[in-house]
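Only one chain is given next, in structure tokens, and it is the form predicted alone.
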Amino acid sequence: MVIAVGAKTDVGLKRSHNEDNLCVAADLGLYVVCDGMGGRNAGEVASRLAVETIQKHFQAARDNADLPLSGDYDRQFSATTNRLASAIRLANHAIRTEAKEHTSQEGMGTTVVSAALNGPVLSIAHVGDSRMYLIRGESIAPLTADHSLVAEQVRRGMLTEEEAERSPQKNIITRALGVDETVDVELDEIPLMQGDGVLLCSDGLTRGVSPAQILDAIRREKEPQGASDRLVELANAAGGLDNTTVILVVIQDMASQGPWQRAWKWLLS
């Protein structure tokens, strides 16, 4: 399978520093976005630790197929998805250990949204409100559900989507790495098709840019890096209230040796 990737992270217009971190490790089939939180720049430390720990665990597992997992093996999912969950649990532990050793970083944490490719299967693991979308044909669909207070209220029928967007509590998340000794990692996996796009992003994008706008921006660009740059521009045009990070992965059939843009012909029509 051949892929093309675009990625960008930006501080935005209102923050003094960037607490987002990302990982693009095409050799491992691994893609991660983390959005840190915590005072005194500790959010940046938490998100960096998460990205580094997840990537290191995947690298070690590639070198040693018998590397033990952190946590139980979930037989609903493949070995790759379970490895992704294991990496995130280890990241949670690393953040908590760092916070205990440095009191100035107490209370730091981070969201995480991560994807791992194993052939045509996409493994998904996330904690918090950073998101993943599938772009297929003329549609964009969420692959994750926010772990946030208002998202839970919407699921229970207590709020509408519109009310949730206006709620002063919309930035309160209900799960994050570094908060508790153990973390509940939400998992999924789906088959991918030629031409699919997978977008990982922090909430700096989704706070101001709608899914329809995201889809339109991607359709107008000729390659993933240009699309990634454009999405960050849109987030800043919407106010740039937060850091924004995006990774866009486009799937191309291995049998196709022409320009990767052929996999995007449905976007350019």
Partner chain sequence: MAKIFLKFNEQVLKEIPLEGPQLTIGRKPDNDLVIDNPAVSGHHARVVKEEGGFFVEDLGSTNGTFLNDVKVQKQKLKNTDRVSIGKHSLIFQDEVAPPPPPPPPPKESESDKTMILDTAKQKELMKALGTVKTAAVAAKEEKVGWLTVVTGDADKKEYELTGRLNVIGKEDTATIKLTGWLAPKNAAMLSRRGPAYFISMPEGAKKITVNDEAVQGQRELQDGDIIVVAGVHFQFSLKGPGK
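Numbering follows the first chain given and starts at 1. None of the values given here were measured: they were computed from a predicted structure.
The form predicted in complex with its partner chain exists for this protein as well; it is not shown, and the discussion that follows is about that form.
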> Of 149, 90, 99, 117, which one comes within 4.5 Å of its partner chain in the predicted complex, counting heavy atoms only?
Replying inline: 149
> Which pick from 48, 207, 219, 230 sits with a heavy atom within 4.5 Å of its partner chain in the predicted complex?
Replying inline: 207
>> Taking its partner chain in the predicted complex, would 153, 189 and 193 all count as contacting it (heavy atom within 4.5 Å)?
In response: yes
> How about residue 183: is it within 4.5 Å of its partner chain in the predicted complex, going by heavy atoms?
Replying inline: no
>> Can you work out whether residue 234 and its partner chain are in contact in the predicted complex, taking contact to mean some heavy atom pair no more than 4.5 Å apart?
In response: no
> With the cut-off set at 4.5 Å between non-hydrogen atoms, does residue 160 touch its partner chain in the predicted complex?
Replying inline: no
>> Test of understanding: in the predicted complex, would residue 173 fall inside 4.5 Å of its partner chain by heavy atoms?
In response: yes
>> Given a 4.5 Å distance limit between heavy atoms, list every residue of 66-102 close to its partner chain in the predicted complex, or none if there are none.
In response: 76, 77
